[in-house]
Every structure is written in structure tokens, then in C-alpha cells.
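Before any questions on how it binds or moves, here is one chain, the form predicted on its own, in C-alpha cells.
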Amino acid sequence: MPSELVHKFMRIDHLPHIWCAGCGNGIIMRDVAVALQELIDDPESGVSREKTVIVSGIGCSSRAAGYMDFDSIHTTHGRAIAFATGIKFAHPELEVIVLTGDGDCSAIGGNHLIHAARRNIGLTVIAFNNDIYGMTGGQYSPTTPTGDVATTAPYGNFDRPFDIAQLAAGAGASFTARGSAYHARETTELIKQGIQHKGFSLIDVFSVCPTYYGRKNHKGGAVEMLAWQKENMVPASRYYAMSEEKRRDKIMVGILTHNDFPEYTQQYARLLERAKKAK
């Protein structure tokens, strides 16, 4: 299965990838590939390889669009959702998937995120969230936990971090969810549901960065960081069965919001029809 997946959905000539040993981004890219394979193999899903486009911005995670053998575009920093919006408006029949990082989508690209969410544009955004700017030198990002250090916060970051999934939900996203590199099967299912949802979907996936984030903050290596996710990130079925006391300091993995709102490009098409009839 792994070998078949690589040869079917990866650009072999672009491998090996640039990610550090132990980085969680490869796991998340695999989750995206498995989700797409399962949907493409299901004739009732309506998803096809020929009508799937993958868009990314700038950052470690955004290199994934170059490794995946689909129609793809590697765009400028923070503008992945803006480019994806243009593609969706030009060809509403396409399945447009955005692979982005926590800095890419919630810092320089933050306004694109919240307005795509409130408009309910039919995009699936998968945030590879490693709590740091990895590729550009280990600066703190909008998701770096309070008190943790980075190259631009050597004495500790005192900002409160964004919860990207809650941010998107608060902006009006009709589907928001949270996954992790450790919870690969659950995350794959969330990505599948996000792709099938007719509207704006955001899946915030906690990655691990042992090189810049883990090492500087004494989190251990990749094994220890994934073990932390195992102990502290709890699937929704278990989370809701826990007492309030046991939920404290735990992070839920699963769906946060799932609503049925009109999709923006469909509304736009109806507006154009009304405009034509009014002439």
C-alpha cells in the first residue's frame, strides 16, 4: 500500500523530500494522499483525479503540492487561499485543496482565511500546524504556545496563540476539524469529510517539528513529540466521554463545526443568471 501510494500519487523525480528527519509533514501529506485515493476509488464520491487541484503557499508544508502528482500550483507566501479562490471561481466544478502552514494561513494569509471562511467558498484547506516557522529559520508563529522560545523569541513568546480551527469556525467556516500527525487514521477521515463537504472546509492538523520547535523547547525528538500527541490529543468519541477534570489540558481531535450553508460560487452563478435575465 505505501509503495503503491507513492508511485500513484507522488512525483517520484521530486523525491526524496526536503523535510527534516522526524518531521510530521510527510505523515500529513500521506493522509491527504490516502484520503484522495479512497475518494477517487469510490465512484459515488464524485471526486476524480482529473478534476482535483492542489494549491500551496510558501513554507515547509507547502512543498507538499510539488511532491503530489496532481494538477498543482505553488504560490506566494500567504496567498494560497487567494489563488485557490480564483481557480474555484474560474472552474467551480473542480475540487480545490489548499495545503498550507500555520504561519502561511494564519499570519500573512490570515485575512484570506477568514474571508474565504465567512463566504463559504468551496475549498478544502489543510493546515500543517507545527507551531513554528520551520523553513525560514525557526521564528515564532501565530500558533506558538505562550512561553515557548523561538529564534525571534529567545526569552519566550508572550503572545496568546491562535487556535486555527476555532478561528475558522468563528469566521463562519461551515466545516472545521482538528487532527494530528499521530492520529493518522482519524485525520485521513476528517480530510475525506472536508473534501466531500460542499462549502469551506478547514482541517487544522498538528504536525511535529523536532528540529526548530522541539529542540529549542526541550520537547525531545519526533518520537517524544508524537507520544505527547498520543497522550494529550484525544479523539472526539473519547473526549466527550471524559469528565471535565480529565478534559483539562487535553485537545480534542475531530469535527468542531459541520453546517450546511449556501456555497459561494454557486450563489455567484445564480447571481450572474439573474443579471443576464435583467438585461
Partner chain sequence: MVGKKMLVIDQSWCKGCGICVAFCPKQALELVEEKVCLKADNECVLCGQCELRCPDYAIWLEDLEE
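Numbering follows the first chain given and starts at 1. Because the structure is predicted, anything quoted here is derived from the model rather than measured.
This protein has a second form, the form predicted together with the partner chain, left out of what is shown; the following refers to that one.
Annotation: in the model of the complex, residues Ile114, Leu190 and Ala236 none come within 4.5 Å of the partner chain through any heavy atom. Although the partner is absent here, Lys246 lies well away from the partner chain in the model of the complex, with no heavy atom inside 4.5 Å. Taking the partner from elsewhere, Met252 is found to have every heavy atom lying beyond 4.5 Å of the partner chain in the model of the complex. In the model of the complex, at least one heavy atom of Met10 sits within 4.5 Å of the partner chain. When contacts are judged by a 4.5 Å heavy atom cut-off, Arg30 counts as touching the partner chain in the model of the complex. Looking at 54-62, 238-246, 223-231, 40-48, the stretch with residues near the partner chain in the model of the complex, meaning non-hydrogen atoms within 4.5 angstroms, turns out to be 223-231. Residues of 5-36 placing a heavy atom within 4.5 Å of the partner chain in the model of the complex, in sequence order: Val6, Met10, Ile12, Leu15, Pro16, His17, Ile18, Trp19, Cys20, Ala21, Gly22, Cys23, Gly26, Ile27, Met29, Arg30.
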